[in-house]
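We begin with a single chain expressed as structure tokens, specifically the form predicted alone.
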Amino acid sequence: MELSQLLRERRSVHTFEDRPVSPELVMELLETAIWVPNHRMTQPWRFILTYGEGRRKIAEAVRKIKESKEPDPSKKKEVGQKFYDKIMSIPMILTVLMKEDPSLIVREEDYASTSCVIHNFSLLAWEKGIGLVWETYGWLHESIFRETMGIQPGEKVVGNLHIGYPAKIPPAQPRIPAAHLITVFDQA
């Protein structure tokens, strides 16, 4: 597939078939995805790959978080179970982390590079028929989740990637043409 076609056809996938994704394939794709521009070559990323029964770690943590935040005591268990089931329906989750440099400039460069890793991974996965969605929900920053997943102080969760074979591919969302968003200076 041509790169331009891959860029235009990739979609964020929210529903997945009930079939596993090979962790070896994900590792192979990550080995290519990390080849991104990274000023100072800090290579700040780290990954936590969760699948199979391992998903219960995330699902239980999210259940606790959601139950603790539900104001109606009669709905706590229902809300917790809903989120537990949602996590367990995702074939694989890749938690993407980055070291937070004390320098704001380096930290911003590192965030941009880590985002490029995620984008590269999404394109490589799509090329293999695997879909994903990059999630940045608030509970990624909760201490229960961080402790459960072994996320260290000084590490930022850039996102959770929900990975699987698409059960449904959403239609393309319109984009504003770049020609409408560019300012050109061609004279002094």
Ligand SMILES: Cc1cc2nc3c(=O)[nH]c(=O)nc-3n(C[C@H](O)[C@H](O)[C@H](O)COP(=O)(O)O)c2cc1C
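Bear in mind that the values here come from a model prediction, so they are computed numbers and not experimental data. One-based numbering along the sequence shown.
One more form of this protein exists, namely the form predicted together with the ligand; it is left out here, but the text below deals with it.
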| item | value |
| --- | --- |
| Distance check, Gln152 to the ligand in the model of the complex, heavy atom within 4.5 Å | no |
| Contact label in the model of the complex: Leu29 to the ligand, heavy atom within 4.5 Å | no |
| Val62: touches the ligand in the model of the complex, heavy atom cutoff 4.5 angstroms | no |
| Interface membership of Ala33, the ligand in the model of the complex, 4.5 Å heavy atom rule | no |
| Every residue of Tyr51, Phe83 and Lys156 near the ligand in the model of the complex, heavy atom within 4.5 Å | no |
| Residue (of Arg175, Arg19, His180, Lys168) lying close to the ligand in the model of the complex, criterion heavy atoms within 4.5 Å | Arg175 |
| Partner-facing stretch of 144-152, 52-60, 126-134, 38-46, counted where any non-hydrogen atom is within 4.5 angstroms of the ligand in the model of the complex | 126-134 |
| Partner contacts for 1-27, taking the ligand in the model of the complex and a 4.5 Å heavy atom cut-off | Arg10, Arg11, Ser12, His14 |
